[in-house]
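Here you get one chain, nothing else, as structure tokens; it is the form predicted on its own.
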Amino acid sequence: MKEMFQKKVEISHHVQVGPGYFRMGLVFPEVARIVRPGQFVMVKLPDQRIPLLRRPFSIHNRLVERGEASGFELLYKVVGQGTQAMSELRAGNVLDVLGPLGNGFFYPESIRDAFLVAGGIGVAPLYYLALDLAEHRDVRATVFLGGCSAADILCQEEFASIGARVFITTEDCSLGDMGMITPQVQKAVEGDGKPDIIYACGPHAMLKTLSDMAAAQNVPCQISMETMMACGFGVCLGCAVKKAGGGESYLHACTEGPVFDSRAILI
């Protein structure tokens, strides 16, 4: 059984970083000490009936104070009543948090170059991954950020500050190149040489295209699946992902994911 913790924790900071996008810091050293990039927490607003159940949020960044892990950050988008209520909280308020949960990104041996591909709020788990790759594994990261408009492009400066190359694509051409992010990745794979691995999180269609591209180019690919979850333990079965290989076998994003080898599932 993996170690996990559940308690009411204080919000250390909470700032709006774009239209409908927020970054929240939580004081939770027990989780911060052991969480790995790609894992998540389940969050509930205390004393509120809506939403009734917890909601999953990827760990975006680990916070360190005086050399010790003190907490972590969440990066999220307002998409419904729950996240709207969450966006109205302030520093000093508390949230009921359970974690860390799930399986995070994993590192094949001898990787030196990695592509990180984010669609919109799919950037949330990839910044913590980029930090870990840069600080502890000496891996060169190339980051691809895609969104509908400039308002959906997050963390550009943060990635650049840790030495990552950053490419941006927006569908309305308000920032970077125009179009979808996947052709940009395809161009880089074919032009600059294959990376040792591709890590990705974002919309279903983007992940499907990247999975097919990685298979055709024989590049390992790991994807973080964004699915609805009610429990985080594999009990509710709401986050089932169909397993590759035919038949009716399923894996569950909360326990066997949310990060999967792209060859292991059907997207």
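Predicted, not measured: the structure shown is a model, and the values here were computed from it. From 1 onward, residues are counted along the sequence shown.
If you look for the form predicted together with a small molecule, you will not find it shown, but the lines that follow are about it.
A.B. asks: Is M228 one of the residues lying within 4.5 Å of the small molecule in the predicted complex, judged by heavy atom distances?
C.D. replies: Yes, contact at 4.5 Å.
A.B. asks: Give a yes/no on whether Q222 approaches the small molecule to within 4.5 Å in the predicted complex, heavy atoms considered.
C.D. replies: No, no contact at 4.5 Å.
A.B. asks: Spell out, yes or no, whether the shortest heavy atom distance between R55 and the small molecule in the predicted complex is within 4.5 Å.
C.D. replies: Result yes; R55 sits at the interface with the small molecule in the predicted complex.
A.B. asks: May I ask you to check whether I121 falls inside a 4.5 Å heavy atom distance of the small molecule in the predicted complex?
C.D. replies: Close contact exists here: in the predicted complex, I121 approaches the small molecule to within 4.5 Å, heavy atoms only.
A.B. asks: Thinking of the small molecule in the predicted complex, which stretch from 161 to 169, 70 to 78, 145 to 153, 107 to 115 has heavy atoms inside 4.5 Å of it?
C.D. replies: So the stretch in question is 70 to 78.
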